[in-house]
Ligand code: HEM
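There is one chain below, alone, in structure tokens, taken in the form predicted alone.
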Amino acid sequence: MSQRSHFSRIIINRLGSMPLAITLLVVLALASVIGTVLQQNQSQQDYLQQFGPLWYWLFRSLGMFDMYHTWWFLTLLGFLMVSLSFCLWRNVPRILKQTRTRKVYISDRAFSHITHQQSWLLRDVSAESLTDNIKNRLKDWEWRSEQRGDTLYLRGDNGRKHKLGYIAVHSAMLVILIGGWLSVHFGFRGDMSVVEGTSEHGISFTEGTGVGHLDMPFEVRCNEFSIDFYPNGMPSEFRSNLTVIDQGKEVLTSDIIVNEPLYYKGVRIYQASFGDGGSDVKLKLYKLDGSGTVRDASTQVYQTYKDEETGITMEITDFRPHNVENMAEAGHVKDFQDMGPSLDFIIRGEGLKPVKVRSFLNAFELNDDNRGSIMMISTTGDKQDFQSVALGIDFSDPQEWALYNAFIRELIQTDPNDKSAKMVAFKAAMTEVFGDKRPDNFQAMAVRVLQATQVLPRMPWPFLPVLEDYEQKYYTGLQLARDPGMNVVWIGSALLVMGLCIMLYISHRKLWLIVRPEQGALRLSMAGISNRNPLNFNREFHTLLSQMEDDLRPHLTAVPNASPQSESK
């Protein structure tokens, strides 16, 4: 039993040692720095593109992409919790005992080594009145006395409970770690997308290198999603009106905005994002064979439209009612303007290279000058690679489309070697479309049509899809989180602040008074020490000396016997 007890004490001492705790804290701090610099729980494809195959697989094998849930991080966390627990178990009883018990007696040798000290030889005064006077002057000090023979020893303490700060700090760290452990094991944070007028009950979240799913014990319905925009088209505020449905009953309805979540059954529901929820869109398919044929197409976002006549498909990927772009030239002050609604889709067909296209509802205007319709095309399928293509004519004006096709037909009938044939063909097209009454902006229209004749014939598709109309439908992006350790962490943080304040701003000051008879008089000796802030205590001690000398002056029989250390200060 004695060997087992000895072995247990060794284990406890090692686990509760300061070197082990400091080592664990340093390792956890370094790991936390890595976890802060390296964004956690991102797309695996993004990690692969960012680091390349070699570093990607190395970081993945170490769990660096979801570091706070890895076995090694939780093991370090557990060891630190055990180390702090044993440290408290070993030291708290000793500290409390030292706080409760104070040794009054001090040897002459120990007394002589104290820096701050002074002594007086007094007559016509009793030890009781002398000590009572000192105690009255230092009422906020705690005093104890001990009589040894004809010598009276007094000890005064101020701030003797400062060591409770050490207990509070170590306990706070343990409480914070327990709160983090509770959050990791019993908490969750996931995303939920709810289309207006529908309800959802499941969340998705990154789990290691995959995606996890979790069903909530209640449903969330989005009654309405609203968004406000600045004049330039940038969103200023978006909010969701949500109803929580528990076991088929509507139990709570409330609006949420960013940083103002909804709280229900320990779960906080945050407004995180928004996007298109499957809006109804209408397109015009402008046939590019010179016939001027225009067909209507209706579909929804996230669906694929197939043109039965040509077999071409359009996979609708996104719709945006606002497209804010900087219209200022390089080196000039930024000028953000809204280009209006746009539709993103991937167009595919036999013999065609799939490309991503962004079609705009409105024509592009710069400085109140109509530059005609534009289209953005990405051959890689990445939005970052969009390239603007000026189509020339304004497709929102049916007359320009009619003028373009009339011009193409007239050009076919002219002699290509005749330099004036293009002008003659354009005048004939103007007469065909407008007759003798030309519009006021026919010159700008002519420039756009001439530009279109250089662009549209080179398009690889049999028709040109252009957004015509839409009926917006949003989804609200919610983030649901349960953090059972959050309140525990707050308690630990408050305890940590309190403990640090005690440690940093409360100093333990001690005074010893020795009263002994000498040559028919009384010798009063006083010494004091402090565990921190020596300069402040030096001033305090000398102030106390001055006050006591004023009180003791009528009883002094000789010049005070001051220590060299005290005089030098």
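The first residue of the shown sequence is 1; numbering continues from there. Remember, it's a predicted structure, so these values are computed and weren't measured experimentally. Rigid core here is just the name for the largest C-alpha set that superposes within 1.5 Å across the two forms.
One more form of this protein, predicted in complex with the named molecule, exists but is not displayed; see below.
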Check residue 545 for me: does it contact the named molecule in the predicted bound form (non-hydrogen atoms, 4.5 angstroms)? no
Wondering, does residue 557 line up within 4.5 Å of the named molecule in the predicted bound form on heavy atoms? no
Taking 4.5 angstroms as the cut-off for heavy atoms, does residue 18 touch the named molecule in the predicted bound form? yes
If we define contact as a non-hydrogen atom of the residue within 4.5 angstroms of the partner, is residue 221 a contact of the named molecule in the predicted bound form? no
Between the named molecule and 25, 83 and 169, in the predicted bound form, does every residue show a non-hydrogen atom at 4.5 Å or closer? yes
Can you pick the one in 356, 448, 320, 163 that has a heavy atom within 4.5 Å of the named molecule in the predicted bound form? 163
Sole residue of 288, 267, 87, 430 within 4.5 Å of the named molecule in the predicted bound form, by heavy atom: 87
Given 41-49, 497-505, 518-526, 55-63, the stretch touching the named molecule in the predicted bound form at heavy atoms within 4.5 Å is 497-505
Which residues, if any, of 514-551 lie within 4.5 Å of the named molecule in the predicted bound form when only heavy atoms count? 532
Any CA movement of 2 Å or more for residue 69 between the shown form and the other one, core superposed? no
